[in-house]
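First, one chain by itself: the form predicted alone, in structure tokens.
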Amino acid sequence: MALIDKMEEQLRPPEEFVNVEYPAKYITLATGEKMVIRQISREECPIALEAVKPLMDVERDFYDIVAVRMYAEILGYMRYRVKDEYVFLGTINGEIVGIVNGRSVNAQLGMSYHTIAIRQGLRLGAQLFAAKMEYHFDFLNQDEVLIVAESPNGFKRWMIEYELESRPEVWHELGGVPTYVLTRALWEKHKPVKCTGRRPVPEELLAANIPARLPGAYAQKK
């Protein structure tokens, strides 16, 4: 057993640049509901995996490829096989409505992985994407974030709306369209409109969102 533990220790990448926890926040939606966005631990990953799994068969807007890749990334985080990764959940009354993830490349550079909105119609994906950009720039104090899109909708939401800089000479880990970059200057320009929410989350509201639950719509489909 000691030999296995030693080998496992060698397999795990060091965690160097995700050294600041993202402080939870809440956003009051147009419906009056409050979405809590918070960073999750490895112990909470199984429920996130279960939330992503049904989307692997949804072809609309390329949910299938995004879900498959995000599933592997969350699993990689849970199993200590991705360097400096983080995962955020968006929940309403404890129900998972969206998930985002990414990682740090080094102290100055972040890499956006994926954004999935499980509940549609309230631009939850846009709010969750902004939260992870907030994490990179305002809490990890990084200078740039590498971003790619796998759907036309993603291209509109990120590349066009944030006026991202094209950086085709840099290759993103995910492939996809040639790499684009959100710089600190662009973040500061768009942050007042794109990034909303309040802190701290009231204790009662936070307690209502922990532990997270699968979307109610999943149970209705069974």
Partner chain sequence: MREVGIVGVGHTKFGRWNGSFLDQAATAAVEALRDAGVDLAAGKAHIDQVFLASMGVGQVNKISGAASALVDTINLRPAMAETVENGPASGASAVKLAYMAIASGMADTVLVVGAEQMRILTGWESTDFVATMSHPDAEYPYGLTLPSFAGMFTRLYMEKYGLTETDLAIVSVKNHENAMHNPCAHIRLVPSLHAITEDEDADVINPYVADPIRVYSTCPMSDGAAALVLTALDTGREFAHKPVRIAGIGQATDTHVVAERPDPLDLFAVRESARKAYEMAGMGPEDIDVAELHDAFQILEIVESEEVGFFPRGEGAKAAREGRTRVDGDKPINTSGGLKAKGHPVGATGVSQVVEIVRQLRGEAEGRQVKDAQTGLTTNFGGFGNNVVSIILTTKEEG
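All values derive from a computational prediction rather than experimental measurement. Positions refer to the first chain, counted from 1.
There is another form of this protein, the form predicted in complex with its partner chain, and it is not shown here; the text below is about that form.
Asks: Only one of Glu173, Asp61, Glu43, Asp57 comes within 4.5 Å of its partner chain in the predicted complex by heavy atoms, so just point that one out.
Replies: The residue in contact is Asp61.
Asks: Would you mind picking the one in Val105, Leu122, Leu75, Val82 that has a heavy atom within 4.5 Å of its partner chain in the predicted complex?
Replies: Flagged contact: Leu122.
Asks: Going by heavy atoms within 4.5 Å, which of 66-74, 31-39, 47-55, 181-189 lines up against its partner chain in the predicted complex?
Replies: Partner-contacting stretch among the options: 31-39.
Asks: Do Ser112 and its partner chain share at least one heavy atom pair within 4.5 Å in the predicted complex?
Replies: No - in the predicted complex, heavy atoms of Ser112 and its partner chain never come within 4.5 Å of each other.
Asks: Lys194: heavy atom within 4.5 Å of its partner chain in the predicted complex?
Replies: Output for Lys194 is yes: heavy atoms within 4.5 Å of its partner chain.
Asks: Does any part of Arg12 reach within 4.5 Å of its partner chain in the predicted complex? Heavy atoms only, please.
Replies: Contact with its partner chain, no.
Asks: Would Gln127 count as touching its partner chain in the predicted complex under a 4.5 Å heavy atom rule?
Replies: Judged by the heavy-atom cut-off of 4.5 Å, Gln127 is in contact with its partner chain in the predicted complex.
Asks: Under the 4.5 Å heavy atom criterion, name the residues of 152-178 that approach its partner chain in the predicted complex, in sequence order.
Replies: Residues within 4.5 Å: Asn153, Lys156, Ile160, Glu161.
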